[in-house]
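Just the one chain here, the form predicted on its own, laid out as structure tokens.
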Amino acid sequence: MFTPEVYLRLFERANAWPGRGLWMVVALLAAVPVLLFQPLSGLRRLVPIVMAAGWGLTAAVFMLQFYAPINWPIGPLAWVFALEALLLALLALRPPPGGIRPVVLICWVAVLLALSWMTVYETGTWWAIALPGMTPDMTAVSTAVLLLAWPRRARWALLIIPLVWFIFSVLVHWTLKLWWPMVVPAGGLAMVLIAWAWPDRPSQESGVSERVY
């Protein structure tokens, strides 16, 4: 079994991997709330495409290149992440999500930033920050939150893979006694259950694109 130090080092290695390309990842992340706030539905349709790219990048880089060599179940799970990327890409064929009110959008971003900082708090270096689209826990958490913008019938199946991942990740963090980083998958687990139970608004049920939060 690997040590907590080896596990936390994965985040620094993943952030160092793209070099200057890391800023491109950050730019894509910043594009998601901007797209959700756009009045044109065609631009909001790009949101699941960006989410799918994040799942694919997480599987190819963090999981297969860095995590799988020290934890054998990660290899098969990386292919499950690739499957989620495909399902999210197909979601772009459905009607786009409704617009998001600014106050809700700010709350979403604040929560995700706080969760991204848990590995920084544990290691003491900002190079260990866990970014959505680069690390599996944050990618799954951000997806579970964003899927609330779609009707329940469109999002319930897309929440199964995040649920399986969060259970696995909580067990890993529990074994390593990494309590602060464990907040991310534990919070994601709660987020998936909330997303499954979250009721549709009338605009979602009718498929009309308008502000739903």
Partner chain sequence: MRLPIRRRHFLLGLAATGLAARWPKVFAESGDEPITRLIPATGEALPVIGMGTWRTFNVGSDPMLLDQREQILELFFQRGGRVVDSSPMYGSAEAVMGDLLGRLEQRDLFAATKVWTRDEGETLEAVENSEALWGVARFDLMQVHNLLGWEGHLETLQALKSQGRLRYIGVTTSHGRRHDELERIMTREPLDFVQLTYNIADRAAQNRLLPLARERGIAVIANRPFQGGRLFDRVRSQPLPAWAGEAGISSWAGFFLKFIVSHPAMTCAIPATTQLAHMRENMAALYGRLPDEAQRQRMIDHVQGL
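Because the structure is a prediction, the values reported are computed rather than measured. Residue numbers count along the first chain shown, from 1.
What comes next is about the form predicted in complex with its partner chain, which does not appear here.
Peer 1: Answer yes if any heavy atom of L176 is within 4.5 Å of a heavy atom of its partner chain in the predicted bound form; otherwise answer no.
Peer 2: Yes, L176 sits close enough to its partner chain in the predicted bound form that at least one of its heavy atoms falls within 4.5 Å.
Peer 1: Is L163 part of the interface with its partner chain in the predicted bound form - any heavy atom within 4.5 Å?
Peer 2: Contact with its partner chain, no.
Peer 1: Taking its partner chain as it sits in the predicted bound form, is I70 near enough to touch it, meaning that at least one heavy atom pair lies within 4.5 angstroms?
Peer 2: Yes - in the predicted bound form, heavy atoms of I70 and its partner chain come within 4.5 Å of each other.
Peer 1: Pick from 141-149, 154-162, 28-36, 62-70: which stretch has non-hydrogen atoms within 4.5 Å of its partner chain in the predicted bound form?
Peer 2: Stretch 62-70 is the one.
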